[in-house]
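The chain below stands alone and is given in structure tokens; this is the form predicted alone.
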């Protein structure tokens, strides 16, 4: 194939992806950034200014919800990593033959249903008349029905469950390529379980850890259904504020400003995570 024909083929193959990125990602975000600086003077005239961002910092409910969402997203990501790592280790290093595929499929099956269905499933289990409440009453740990919904713990349970697969997959991929002799050498040199985990396994798995954490953190930070359905009115989430401004109050300028701030928050935390772990985005996403 001539070089010019090869370049043309590459351009044709990349064209749908480039159009998708430009039309559905780049342009909407640029438009959102532009609208966030609009200050409405009358119903058909706008000026440019920082009023929307000033509203965010002057209204304590906005920035308290902003900080709360960021902290809870980080905690949820950490908890997902702690739960997913042993699962990924077992699938990648201990499972053999068909059991490896069966275990991986068991992690995948719940995600054949939508996030809404998965969240309703947890609501059925955690409500007053649900399975967990019945078990607590049956073993004598509760005298009556126990309501486990509409609090932060319920939100975290739902978010961890929704993010588990996205943490397990990169961890399995990374751990699967680790040479068993490296681990054995660690024990032969006198290392205990903790030393081998800290000095050998975690550094090897770090690209998968960072990759999974980035995906889970971004999904958690931008989640809407799970915090709304399982947290109730006492568990405010920042995406709810954005939805309220756009859909309920028709205040697109304020909604755009809150959306930009959420994007900045996620970008800063991902950048900080890459710096702290010594990873780069190309390596962890490659």
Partner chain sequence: MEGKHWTSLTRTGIATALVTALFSTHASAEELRLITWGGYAPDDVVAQFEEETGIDVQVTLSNNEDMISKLRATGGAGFDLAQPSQDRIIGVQRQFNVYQPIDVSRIDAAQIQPSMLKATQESTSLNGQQYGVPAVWGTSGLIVNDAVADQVTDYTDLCSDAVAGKVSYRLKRPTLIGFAFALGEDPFAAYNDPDQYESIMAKVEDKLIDCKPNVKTYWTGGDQLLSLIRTGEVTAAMAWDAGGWKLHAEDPSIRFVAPESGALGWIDTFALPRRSENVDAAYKWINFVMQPEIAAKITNQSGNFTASKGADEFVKADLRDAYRQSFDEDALNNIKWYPPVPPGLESMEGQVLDRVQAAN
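Just so it is clear, the model here is predicted, and its values are computed rather than measured. Positions refer to the first chain, counted from 1.
From this point on, the text means the form predicted together with the partner chain, which you will not see here.
Remark: all three candidate residues (61, 120 and 234) come within 4.5 Å of the partner chain in the predicted complex, counting heavy atoms only. Residues within 4.5 angstroms of the partner chain in the predicted complex, judged by any non-hydrogen atom, belong to 122 to 130 and to none of the other stretches in 94 to 102, 122 to 130, 202 to 210, 164 to 172. Scanning 75, 150, 187, 89 against the partner chain in the predicted complex with a 4.5 Å heavy atom cut-off leaves one residue, 150. Of the heavy atoms in residue 228, some are within 4.5 Å of the partner chain in the predicted complex.
Taking the partner from elsewhere, residue 249 is found to have a heavy atom lying within 4.5 Å of the partner chain in the predicted complex. Mapping the unseen interface onto this chain, residue 53 falls outside it, with no heavy atom inside 4.5 Å of the partner chain in the predicted complex.
Looking at residue 223, you'd find every heavy atom of it more than 4.5 angstroms from the partner chain in the predicted complex.
Applying a 4.5 Å heavy atom cutoff to the partner chain in the predicted complex picks out no residue from 77 to 114.
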